[in-house]
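Next up: just one chain, as structure tokens, the form predicted on its own.
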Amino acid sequence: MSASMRIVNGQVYDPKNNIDGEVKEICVEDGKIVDSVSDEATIIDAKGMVIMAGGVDIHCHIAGPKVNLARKLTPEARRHDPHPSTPFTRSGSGGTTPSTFAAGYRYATLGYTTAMEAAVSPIGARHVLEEFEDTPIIDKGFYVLLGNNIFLHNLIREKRIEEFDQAVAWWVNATKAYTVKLVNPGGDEPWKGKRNSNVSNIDEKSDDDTLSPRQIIEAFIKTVNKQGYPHPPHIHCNNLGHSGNYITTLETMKTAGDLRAHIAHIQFHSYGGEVGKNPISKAAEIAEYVNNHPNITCDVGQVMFGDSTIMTADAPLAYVLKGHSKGKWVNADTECESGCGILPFAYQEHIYVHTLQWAIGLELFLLSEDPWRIVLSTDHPNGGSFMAYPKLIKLLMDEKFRREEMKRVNQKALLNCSLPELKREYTLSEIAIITRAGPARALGLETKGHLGVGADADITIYDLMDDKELMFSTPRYVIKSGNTMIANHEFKTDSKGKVYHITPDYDNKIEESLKPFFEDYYSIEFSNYPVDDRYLHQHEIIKTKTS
């Protein structure tokens, strides 16, 4: 049980509750924000400091079989980036794919208290939950990969929609997931079976199939909305990274109609131009659609220059990228469910495409009219490490700094985007939205991302500085569930966060269809496939809402 606490004299930025820099007292008791506390409560004097809710990362890759494989691929990066132990914390290793301990602690050192693992094959769910238990401080959840699930494809193809609805709910329950994830829907499984049979638009059917990506996307959007998941389908669109793919992205969003959908790392899906030639920016067209359609949320997937690790269930994409990296890479099959591609990668300022990717991400942020729906991510570690978030925040808040950075990049790429024309600077309130309040709202986490009464007492206190990169790199205090994790920049204790998941209703008769499929095609027995509750450890069920 956490102690009572009163935080005084700080400037509070809490957009959900319309508080914009007001000097306001924050009271904490029993891990929650409350109206008042007794005079015996601990006092933190935050004069000259900024108070925000704990950060929420809506899209990252921090746990599971693919992350573990990526760690094995990059021992040199981790060897030279140790995370030392303290009297209160355990040691770990960093690099672009930090160990479990380092991931939790490093998120905390940035003021983040919640992170959502964005892509987990159902068969890998146990692994993820065990690594979650090993990842300190932060709360977490994961999205389960179902967009290339053969059994579900068969149900859509045969128009057995009621069974499809029940099967999706069964899979979410069986894996302890938070929502469903679609990656290159309808593209991976055909590609694994027949080389070069990946789809290039959402109405194209692969050579040996009668099912299009649009049919798959539409089916998942309808069932997830019908069943009232707190977060809509989390969609990695087809045709990622290819010139001209903004058309695919627009069509994917249009497929949702008025229903909720979330587009992941949308920067990678905002390219114009012709296939086989250098892309140009179509950020304006993508931002305009999102601005005008309140049912759509997205995270940016900002590219940051330097080392990264590409890890994706988009196996055809990984195969293409390995030709550009000329280094280590892995492409693996996940039986009946997904693909998996991994390769170390470096984004370089002098390369045209890398500069354009960097610029498009910033364009999307700066063209956003509703920061609640275009939120911050680097698709860690695909576009860059989450440790780059402070520099990204500075790029958004400081036009002068942004222009200095533009002098260092490929100038031809800047001619094919609008970034040099954009003068907007984000405010502290807008930063609080894209890093906290917006992601929490998109996730349906009602007690996260704000400092109102009843919210979780996840609080970050920053020294107010002119240099926003330094400011957001080094919070003075980080409070998690009412416990002071970091005080005066040093860890004071350790803790384990909880796992968020949902339990949508389903008719267990669907198991009569599932069992024979498992017997015929899976290497694991059906009875051993669902994840037992004991793997959840500390957890919280988020309720679904029927429409």
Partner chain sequence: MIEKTNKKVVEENKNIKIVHDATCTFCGCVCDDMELHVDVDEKRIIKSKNACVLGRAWFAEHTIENAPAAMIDGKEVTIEEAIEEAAQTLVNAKFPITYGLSDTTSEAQRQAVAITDYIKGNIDTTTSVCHGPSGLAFQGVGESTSTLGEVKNRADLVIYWGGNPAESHPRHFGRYAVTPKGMFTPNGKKDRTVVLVDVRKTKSAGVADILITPKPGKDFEVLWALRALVKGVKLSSDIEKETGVPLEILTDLAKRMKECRFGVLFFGMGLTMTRGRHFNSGALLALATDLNEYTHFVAKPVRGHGNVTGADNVVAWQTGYPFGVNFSRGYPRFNPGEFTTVDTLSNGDADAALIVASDPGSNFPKKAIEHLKNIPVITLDTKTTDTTKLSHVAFKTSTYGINTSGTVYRMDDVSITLRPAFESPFPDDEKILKSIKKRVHELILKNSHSGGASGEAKVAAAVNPL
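Keep in mind that this is a model prediction, so the values were computed, not measured. Numbering follows the first chain given and starts at 1.
Keep in mind that the form predicted together with its partner chain is not shown, yet the notes after this line are about it.
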{"property": "Touches its partner chain in the predicted complex: residue 150 (any heavy atom, 4.5 Å)", "result": "yes"}
{"property": "Touches its partner chain in the predicted complex: residue 18 (any heavy atom, 4.5 Å)", "result": "no"}
{"property": "Non-hydrogen atom contact residue 85 with its partner chain in the predicted complex at 4.5 angstroms", "result": "yes"}
{"property": "Heavy atom of residue 173 within 4.5 Å of its partner chain in the predicted complex", "result": "yes"}
{"property": "4.5 Å heavy atom contact with its partner chain in the predicted complex for all of 166, 291 and 442", "result": "no"}
{"property": "Partner-proximal stretch of 378-386, 327-335, 111-119, 407-415 relative to its partner chain in the predicted complex, 4.5 angstroms, heavy atom", "result": "327-335"}
{"property": "Interface residue in the predicted complex among 295, 212, 93, 473, criterion: non-hydrogen atom within 4.5 angstroms of its partner chain", "result": "93"}
{"property": "Residue among 130, 162, 203, 158 with a heavy atom within 4.5 Å of its partner chain in the predicted complex", "result": "130"}
{"property": "Stretch 456-494: residues contacting its partner chain in the predicted complex, 4.5 Å heavy atom cut-off", "result": "494"}
